[in-house]
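Take a look at this one chain, the form predicted on its own, written out in structure tokens.
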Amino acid sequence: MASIKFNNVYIKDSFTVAGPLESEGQIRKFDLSMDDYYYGEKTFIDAEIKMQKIVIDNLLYRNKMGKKIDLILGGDLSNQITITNFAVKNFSIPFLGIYSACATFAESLIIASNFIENGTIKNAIAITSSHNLNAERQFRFPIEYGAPKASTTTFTATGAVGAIVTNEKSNVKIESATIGTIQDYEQKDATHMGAVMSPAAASVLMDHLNDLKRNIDYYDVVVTGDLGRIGMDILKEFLKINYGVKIKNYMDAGCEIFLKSQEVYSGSSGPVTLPLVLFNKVLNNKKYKKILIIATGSLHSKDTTNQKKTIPSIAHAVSLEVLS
């Protein structure tokens, strides 16, 4: 059984930094917004490190937690999660670096929740980031190449997101979670992440509902991240054909950040996509009391893609309850 129930785990606070294009999109209001992709630094890598440091600094400062954080968990899209390693080294806090591609933030919430539920720790920070000009050159092509892109392509979001996970009661409870299994439907197109990741989203959703004996209508909203517009349609069709499930109260975070007029192809991708939408849109909607987030990740590298290997995917589900 891959699902876990939690009785005493909450999200105390979150902090988000968004890139310049994201700040001109559908949400617009974030804790901080970048004016440009360099963010006052000499390189894009330094800019992304700075984003994460700012997130952690603000979470610690405004919650007066200082030495009360027992653990930081997180990762990013860069090789060997370099960004997070460099950001966290400044804080002298125990660190677990993790990687599930764009499902990394959900994985960090699940691991933190387990540590807190069993009493090992009291407070943790879950963090992730992505930067369009870092990720695109690693997984696709450097922007400077001017390579033409397919309409199925998603656009890596720029931003950083962190959240304090704690045993201190707040109005957002982490109620349960389901750890996903790797799915591989022999897709090889790295420009079509929606097709790659939709089966993983469907798999973890059905595992979650079956394990906890719930109907899809139990949730006020199900939020996937980052299938994009085309992938969102694939998931709905996949669920209908393979499981006989019709999903109604559903949004994909990849469709919620950018405007269509911004010409970002099928929508947003990157590990910050889902948490940016969760903390700046979904949790601000008072009609959503029971929320299921399903973070999706494509587990490929440029080497495996160049070798024409198939692209496996993963998805993890986290159930949230808004208590007030």
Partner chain sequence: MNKDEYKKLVSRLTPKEMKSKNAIVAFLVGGLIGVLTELVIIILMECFGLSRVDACSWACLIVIFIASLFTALGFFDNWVTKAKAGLILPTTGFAHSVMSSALDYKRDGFITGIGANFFKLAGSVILYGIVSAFFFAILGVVLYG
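Residue numbers count along the first chain shown, from 1. What you are looking at is a predicted structure, and each value in this text was computed from that prediction instead of being measured.
Form predicted together with the partner chain: not shown, discussed below.
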Pick the stretch from 166-174, 116-124, 230-238, 91-99 whose residues have a heavy atom within 4.5 Å of the partner chain in the model of the complex.
230-238
Close approach of Y265 to the partner chain in the model of the complex, 4.5 Å, heavy atom:
yes
Would K246 count as a contact of the partner chain in the model of the complex, using a 4.5 angstroms cut-off between non-hydrogen atoms?
no
Does N242 make contact with the partner chain in the model of the complex, using a 4.5 Å heavy atom cut-off?
yes
T43 near the partner chain in the model of the complex, any heavy atom under 4.5 Å?
yes
Residues in 148-168 with any heavy atom within 4.5 Å of the partner chain in the model of the complex:
P148, A150, S151, T152
